[in-house]
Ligand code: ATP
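Just the one chain here, laid out as structure tokens, in the form predicted alone.
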């Protein structure tokens, strides 16, 4: 296989407590923008840098499964909830590299707010040896190598990694940063949980089938 045509696979992690249309729309637009073969949704077991999820890993994974079931390019990956303990992205990336092989390029999807805190992640320098970073950004709010919000060490590490062409992502297996302007729907899992707890409607914020599972399992009440 030519290096210029290495296939790209997306990795989208999160607590997904619950997953909603904001997540799904970002994933769909990134698949379209850079031509991903698949997007792996990986619900975290125990996230290291935020509060523990409200709902059990099994319910969160099931909600993801239901929400993505009609999209053939969306894949549920339960490795982090099955692994147990704190969920470190680097462990999942190592495993995926071994499973999918060297001729698959892993593209780690991350929001701007999370990316600017990347230097707080476990073994974060090594992440650049395992994947590209795809930053989902609001249109008109493009993060760049000179952006003042980046901590100095992260800014220095990233300075040579920014690219503006999808072709660049296919020419090497890791280490690059690509920004995709996406439709960032103003939907929050926190708000969804609060509305459910208050007995208010969350229809059109989350797929109906996933909402049916939440209701049947009496989650977030």
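Numbering follows the first chain given and starts at 1. Source: prediction; values computed, not measured.
Not pictured, yet referred to below: the form predicted in complex with this ligand.
Novice: Could you tell me if all three of 26, 111 and 189 have a heavy atom no more than 4.5 Å from this ligand in the predicted complex?
Specialist: Verified in the predicted complex; spot residues all in contact, yes.
Novice: Any chance residue 160 has a heavy atom within 4.5 Å of this ligand in the predicted complex?
Specialist: It does not: once this ligand is placed as it appears in the predicted complex, residue 160 has no heavy atom within 4.5 Å of it.
Novice: Though only this chain appears here, would residue 103 touch this ligand in the predicted complex if you measure heavy atom gaps against 4.5 Å?
Specialist: No.
Novice: Is the gap between residue 193 and this ligand in the predicted complex 4.5 Å or less for some heavy atom pair?
Specialist: Flag for residue 193 set to yes.
Novice: Does this ligand come within 4.5 Å of any heavy atom of residue 13 in the predicted complex?
Specialist: The answer is yes: residue 13 has a heavy atom within 4.5 Å of this ligand.
Novice: Could you tell me which of 111-119, 80-88, 67-75, 95-103 sits within 4.5 Å of this ligand in the predicted complex, going by non-hydrogen atoms?
Specialist: Stretch with heavy atoms near the partner: 111-119.
Novice: Which one of 185, 52, 166, 49 is close to this ligand in the predicted complex, taking close to mean a heavy atom within 4.5 Å?
Specialist: Answer to the contact question: 185.
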